[in-house]
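We begin with a single chain expressed as structure tokens, specifically the form predicted on its own.
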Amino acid sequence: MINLVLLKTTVKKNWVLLFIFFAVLTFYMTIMLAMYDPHDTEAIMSMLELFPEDLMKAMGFSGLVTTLTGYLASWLYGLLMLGFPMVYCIILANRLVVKMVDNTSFAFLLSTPNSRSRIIVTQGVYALISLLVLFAALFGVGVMVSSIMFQDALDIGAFFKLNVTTMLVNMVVMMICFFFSCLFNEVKRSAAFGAGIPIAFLLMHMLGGVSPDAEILKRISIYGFYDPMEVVHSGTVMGANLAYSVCIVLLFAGSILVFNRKRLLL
């Protein structure tokens, strides 16, 4: 079902984009680890007092940081690991389909002996694999840097679960962007919906964390099941991971369906 030649071509065209976001997130992770002091967690808590309480809640920063794993879950995975990968998803999803349709280069793919479904499946698989590679690499960097700076301080099992759940959340975002990239023939329309909806969900997630009265906004967003502190402390993530996996499959299937049925203006 996957065209390996197209997959290799897609990798060559987009690996730089993936590397840039990996480098940026690696930089932030390294900086966050360098700021951590296992012997003076009160200093970390005092940093929170410098900012308004509502802002800290909106950004997912927790005052209950007692371990290195909890520190990373709160300070890095609370918002940064949602916001930066979202930008990557928006850019990549549009590059994989709608940009090629908009500039008519997609006509060359359709002139080959490949069906629409095979092309879209190949592009979608690359989109998901790229996120898998990104978070696998970030997990490796986190474990390596933590072991160098703070030997045996990181709970590798909990950190692994945290990365898996965060990866699945971002895969849902990727498939939302990919769906609209398959639905529309123009980049501006695809970007409006593909970027607007995930950004709206993220804002709902942030606003829902500020006040109990607005918590419903968080619950109805795609981030309603995502709580990094809960993941590292309790480890009960099976339900959330299953929900995100179902969303990924449904959105991927929907992307194939709408692209097969739409009229291409090539």
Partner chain sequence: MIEVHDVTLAYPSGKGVFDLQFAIEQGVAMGYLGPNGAGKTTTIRALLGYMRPNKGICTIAGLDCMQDAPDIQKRIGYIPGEISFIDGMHGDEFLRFMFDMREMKDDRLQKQLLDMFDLDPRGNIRKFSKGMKQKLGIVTAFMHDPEVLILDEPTSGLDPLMQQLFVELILENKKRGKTILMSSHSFKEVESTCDHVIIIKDGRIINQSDVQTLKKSERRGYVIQTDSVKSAVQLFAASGFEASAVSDDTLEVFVTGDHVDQFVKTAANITVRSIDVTSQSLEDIFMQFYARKEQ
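Keep in mind it's a predicted model, so treat the numbers as computed, not measured. Numbering follows the first chain given and starts at 1.
The same protein also has a form predicted in complex with the partner chain, omitted here; what follows describes it.
Enquirer: Determine which one of 190 to 198, 134 to 142, 150 to 158, 96 to 104 lies within 4.5 Å of the partner chain in the predicted bound form, judging by heavy atom distances; exactly one does.
Expert: One stretch meets the cut-off, namely 96 to 104.
Enquirer: With the partner left out of view, is Val5 within 4.5 angstroms of the partner chain in the predicted bound form by any non-hydrogen atom?
Expert: Yes.
Enquirer: Do Leu79 and the partner chain share at least one heavy atom pair within 4.5 Å in the predicted bound form?
Expert: No, no contact at 4.5 Å.
Enquirer: I'd like to check something about Val87: if you look in the predicted bound form, is any of its heavy atoms closer than or equal to 4.5 Å to a heavy atom of the partner chain?
Expert: No.
Enquirer: Within a 4.5 Å heavy atom cut-off, is Thr9 in contact with the partner chain in the predicted bound form?
Expert: Looking in the predicted bound form, residue contacts with the partner chain include Thr9, since a heavy atom lies within 4.5 Å.
Enquirer: Taking the partner chain in the predicted bound form, which residues along 77 to 115 bring a heavy atom to within 4.5 Å of it?
Expert: The stretch 77 to 115, when checked against the partner chain in the predicted bound form, contributes Lys99, Met100, Asn103, Thr104, Ser105, Ala107, Phe108, Leu109, Leu110, Ser111, Thr112, Pro113, Asn114, Ser115 at the 4.5 Å heavy-atom cut-off.
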